[in-house]
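Only one chain is shown below, in C-alpha cells, and it's the form predicted alone.
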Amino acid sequence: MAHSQHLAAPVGGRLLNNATLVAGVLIAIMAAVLLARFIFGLGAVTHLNDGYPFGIWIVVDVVIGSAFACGGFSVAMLVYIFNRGEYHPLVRPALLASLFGYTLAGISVIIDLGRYVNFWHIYWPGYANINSVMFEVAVCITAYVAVMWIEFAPVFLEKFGLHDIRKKLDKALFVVVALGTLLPMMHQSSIGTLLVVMGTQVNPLWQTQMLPLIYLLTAISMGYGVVLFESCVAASGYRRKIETHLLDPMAKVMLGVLAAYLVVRFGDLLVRGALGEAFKPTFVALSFWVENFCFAAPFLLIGNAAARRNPAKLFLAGVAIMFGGVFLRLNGFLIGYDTGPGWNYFPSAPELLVTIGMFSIEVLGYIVITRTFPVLPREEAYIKAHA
C-alpha cells in the first residue's frame, strides 16, 4: 500500500448536508432506544424469547452486516494474494466499508447480550470455551476489527503528515494484510457452523454440513457485490466518473465465485435429497426461490462483456447478490428456523430502529471520512459535491 497516497485524495465538500442530517437523526433515535435497552433490559425493547434468542440484531447487524463488510477482504485477496495490482484503487473504499461493518457488528453483539456487563468473559482464559464455535467467531471478529484499523491507519497518517510513522508501518503491513485475509475466512465459515449446531430446528434447505463453505463463498461474492454497489453510489453521489475498467474484470471474478457457490449449493441439495422441500407450497419454499433468483440474477445482468461496461447493470448486479446473501442468512437463521410449537418471532419497532441506526452510522461515517481523508481514487477533473 506504499504507493496508495498518490492514488487517493479527499473528495471535499460540506459535511453537513441532507444525507448526514437524516443519518444523524436516525442515530439519535437509535441511541435513545439503546439507552432504554441498557436500563430496562432486552425484554423492554425486543421481541426475543427462549425459542428465538437470535433476532435481527444478531442476524442482520452481525451475520449479514459482517458479510456485507467482506468487500475489503475480497478485494485484498485480488491485490495481495493474486497480485492483481490494478485493483489497488478499490482497496481503501472497500476497506472503509468493511471497517464500519465489522466494528458495528462487534458492538451489536454486546448490545444483544443479556448480561452485557460480562462481555469481557469472552476473552478471559478462565471463561473461554475453545470448543465453542461462538467463541471462535467472537475472537476472530475482534481480531479482524483490530487488523482492519491498522490496515486503514495509513489514511490517517497521510492526512496528518506523519510520513515517518507511515514508512515504519509499511514494513510490517504485510503481516497485517495476511491476517486480514485469513481471519475473515475463519469466522465467515464459522458463522455457517452456527446453523449446523442448531440441528433439526433449521429447515433441510439450509441445514447441511456444507454450510461453512456455503457461507464463505457467499461472503466473498457479497464482498464484490458491495464494492460494485458502493462504487456506483459514490460515483453518483460525488459526481465522479465510475471506474468500469476496474469493476468489469472484478465482476467477472465475482461471477466465477458465484458459479462455484451455486454448484456447491444445488449439488449439496441433490446429494442430500433435500431439494424436494423447495417445491412444497410454503412460504419457506418461496423464500428459498427468491434467494436463489437473486443469486442467479447477476448472470442475466452482466453475463457478457458489454453488459459489464454498463454502470446501471453493474449496480443492479451488486444489489442482487447482496439481496441473495441477505435471504440466505435470513432464511437459515429466522425464516427457515422453527424451534417448535408455541414460539414465534417478528422484530419490534425499537429493534428495527436500532438496525436502521447502525446502517446510518455507516453512511455518516463513510461520507465524513471520504470527504475529509484520502480514501477514494484521485480524480483530477471531477466536480465536488456540495449538496
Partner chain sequence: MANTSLLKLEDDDNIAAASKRLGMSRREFLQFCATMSATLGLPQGAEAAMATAVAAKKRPSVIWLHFQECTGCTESLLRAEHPTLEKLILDVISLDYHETLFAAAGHQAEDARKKAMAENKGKYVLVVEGAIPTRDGGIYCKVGGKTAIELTKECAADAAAVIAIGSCASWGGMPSTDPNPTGASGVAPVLGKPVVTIPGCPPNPYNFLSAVVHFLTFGALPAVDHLGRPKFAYSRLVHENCERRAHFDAGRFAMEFGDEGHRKGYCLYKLGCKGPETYANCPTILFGDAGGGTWPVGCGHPCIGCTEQGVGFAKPIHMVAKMKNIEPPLGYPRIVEEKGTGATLGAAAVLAAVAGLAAGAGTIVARNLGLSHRAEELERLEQTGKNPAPATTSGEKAGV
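Residue numbers count along the first chain shown, from 1. Please read all numbers here as calculations on a predicted model, not as lab measurements.
Although it is not shown, the form predicted together with its partner chain is what the next lines describe.
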| Does any heavy atom of Tyr345 come within 4.5 Å of a heavy atom of its partner chain in the predicted complex? | yes
| query | Any of the heavy atoms of Lys280 lying within 4.5 Å of its partner chain in the predicted complex? | reply | no
| message | So, Cys232 and its partner chain: in the predicted complex, are they within 4.5 Å at any heavy atom pair? | response | yes
| Does its partner chain get within 4.5 angstroms of any non-hydrogen atom of Arg239 in the predicted complex? | yes
| query | Between the options Ile107, Val145, Ala274, Leu316, which residue brings a heavy atom to within 4.5 Å of its partner chain in the predicted complex? | reply | Leu316
| query | Just one stretch in 240 to 248, 282 to 290, 255 to 263, 296 to 304 has heavy atoms within 4.5 Å of its partner chain in the predicted complex, so which one is it? | reply | 240 to 248
| remark: When its partner chain is considered in the predicted complex, the residues of 359 to 374 having a heavy atom within 4.5 Å of it are Ile367, Arg371
